Structure formats: structure tokens, C-alpha cells
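What follows is one chain in C-alpha cells, specifically the form predicted on its own.
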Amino acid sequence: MTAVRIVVALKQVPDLVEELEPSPEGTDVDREYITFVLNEFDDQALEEALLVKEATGAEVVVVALEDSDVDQTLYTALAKGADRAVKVTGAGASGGWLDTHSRAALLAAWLEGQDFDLLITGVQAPDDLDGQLPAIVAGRLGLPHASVVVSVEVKDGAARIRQEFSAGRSAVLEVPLPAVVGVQAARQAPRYAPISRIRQTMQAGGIEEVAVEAPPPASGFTIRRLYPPEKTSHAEMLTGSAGDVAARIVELLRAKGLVRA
């Protein structure tokens, strides 16, 4: 029986613990002094793929568009257990933030020449939050897809997936392969790769670079300008007894017309 081949799409995003400032052009964050990290949802997607590998012997291929520190992310994925790592280069693959449609076009252009059974991506990323990447890639490739997934099992040419809904509800679906899945959370926390193992992986090399040219997406959007949050009046810290604090709160609410006398 031929092993299932799983492709996991990874994306670099700015580390949100840092102070983010717009670039001089105002169309992106200033990338010169900030750190980039793996999108947390993509980390969950990778973990779910590795769990499927451990259960079935599947091959796991990680792919990322050329970007800041992306080699480190790909080497870390290899250290965790991925079998191959691919960095997509070429027009539009690097040089700043890409909207979901452009990113999907590049991934689909590369995937069209690949033999794979399952594409797993994170359900969204903090710099877009639209959750459309799995659906757009699937649409371009003519494949079935499902998102907000919290479990993936592969058997007999199909993926048995669990989707999570609001109010703690979930549904189990069976999707024929090949298919595209957007993972919200893996069945367990993403595994840790020791620095020593990552360094060994880096010394061994193994990242494949592939140039891809994709046609411009039919839709999407262009960022015209980014602005930092507006600074408003400072907060007032209330001190004193509970009665004093309550009286001051009522006074403030009345001054703003939110409470009638």
C-alpha cells in the first residue's frame, strides 16, 4: 500500500509580543527590526499531520513561501518529524505581506505539479483572520475541503475529520482524498524540537527551493495605508474604600451622560 502524502502549508507572522510599527510606505509593518514566528494555527496543523504520520506511516512535506526567518521554521519542522521541506520562491512569493488570495494562488500553482493526498493548513493567521486559505486553495484545485477541524484520521482513501462548532458541538465528516483541511487545533499540543536537533537538521541541509510563478488572483485586496492605534486620554486609577470607588464611578458615568441623576 502506497503511503499517504500530506502537505502542510506554513506561514511566518510577526511576533505579536513585539511593538509593531507601520513601514515608511505605510502599507506593511516595518519588518527590519521585528521577529517573525510560525503562525500558531500552522503549528497545530503540523502537529496533526505528524500524528497521522505516526498512525499510518504517511509522508509529511512542509511548504512555505520565501520570507524572513522561514528557513528556521522549515528546519524546525524537519526536526519535529517532517520528511521534506520546500521553500517556494519566485515573483510574488516574498517581499512582504500577501493577502490570502495571492498566497493561495502561489500555493495552488506549486501543488498542481505535486502528487499529494491531503493538504493541511492552519485555519487562519493573526495577520488576516479571514479563514479563507483552505477554501480558496481547494477551489483553485477543484478539491473538497473542510475547516475548523480538530482531528484528522486517514483510512481507505478518505479522511475522517472532526469539525468544531460553537457551544461545544462537533461533527464527524468523511472526505474523499485528495482534499484540503484547515486545522484549528491538533489532538495534542505541538511537540517541542530541541535546539540541538534543529542544529543537526540545519547542518544536514535539505530545504528544497522551487521557483513558482502564479497568475494574479482574480480577487483580493490591496492595503492602501496602515495606521497605529490612536492614543486617547489616559486611564484614571481609582483608589480608596469600596464606597469611595463606587461613588467616583457613578460620578464619571453621570459626567458622560451614561447614568441619569
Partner chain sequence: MANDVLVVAEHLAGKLTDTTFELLGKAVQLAGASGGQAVALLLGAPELAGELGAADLVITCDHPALAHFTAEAYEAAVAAVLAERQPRLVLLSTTTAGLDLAGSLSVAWDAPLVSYVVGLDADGDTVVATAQIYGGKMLAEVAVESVRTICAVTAGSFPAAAGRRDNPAAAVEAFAGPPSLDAVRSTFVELVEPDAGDVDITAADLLVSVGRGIGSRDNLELVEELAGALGAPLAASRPVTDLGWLPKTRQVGKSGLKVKPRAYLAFGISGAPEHLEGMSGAELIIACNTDARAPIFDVAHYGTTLDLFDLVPELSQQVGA
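So that the term is clear: the rigid core is the largest set of C-alpha atoms that superpose within 1.5 Å between two forms. Residue numbers count along the first chain shown, from 1. Since this is a predicted model, take the numbers as computed values, not measurements.
FYI, the form predicted together with its partner chain isn't displayed, but the following is about it.
S.K.: Contact with its partner chain in the predicted complex for Glu153, defined as at least one heavy atom pair within 4.5 Å: yes or no?
M.R.: Output for Glu153 is no: heavy atoms all beyond 4.5 Å of its partner chain.
S.K.: Even though the partner isn't displayed, in the predicted complex is Gly81 close enough to its partner chain, meaning a heavy atom within 4.5 Å?
M.R.: No, Gly81 stays farther than 4.5 Å from its partner chain in the predicted complex.
S.K.: Indicate whether Ser102 is a 4.5 Å heavy atom neighbour of its partner chain in the predicted complex.
M.R.: Heavy-atom contact with its partner chain at 4.5 Å: absent for Ser102.
S.K.: Any of the heavy atoms of Glu112 lying within 4.5 Å of its partner chain in the predicted complex?
M.R.: Contact check for Glu112: no, nothing within 4.5 Å of its partner chain in the predicted complex.
S.K.: Within 232-252, which residues have a heavy atom closer than or equal to 4.5 Å from its partner chain in the predicted complex?
M.R.: Sequence-ordered list: Ser233, His234, Ala235, Glu236, Met237, Leu238, Gly240, Ser241, Ala242, Gly243, Val245, Ala246, Ala247, Arg248, Ile249, Val250, Leu252.
S.K.: For a quick test of reading the superposition: does Arg31 move by 2 Å or more at the CA between the shown form and the other one, rigid core aligned?
M.R.: Result for Arg31: yes, a 2 Å-plus shift.
S.K.: If we fit on the core, is the Cα of Gly131 displaced 2 Å or more between the shown form and the other one?
M.R.: Comparing forms between the shown form and the other one, the Gly131 CA shifts at least 2 Å.
S.K.: Aligning on the core only, does the CA of Gly205 end up 2 angstroms or more away between the shown form and the other one?
M.R.: No: Gly205 shifts by under 2 Å between the shown form and the other one.
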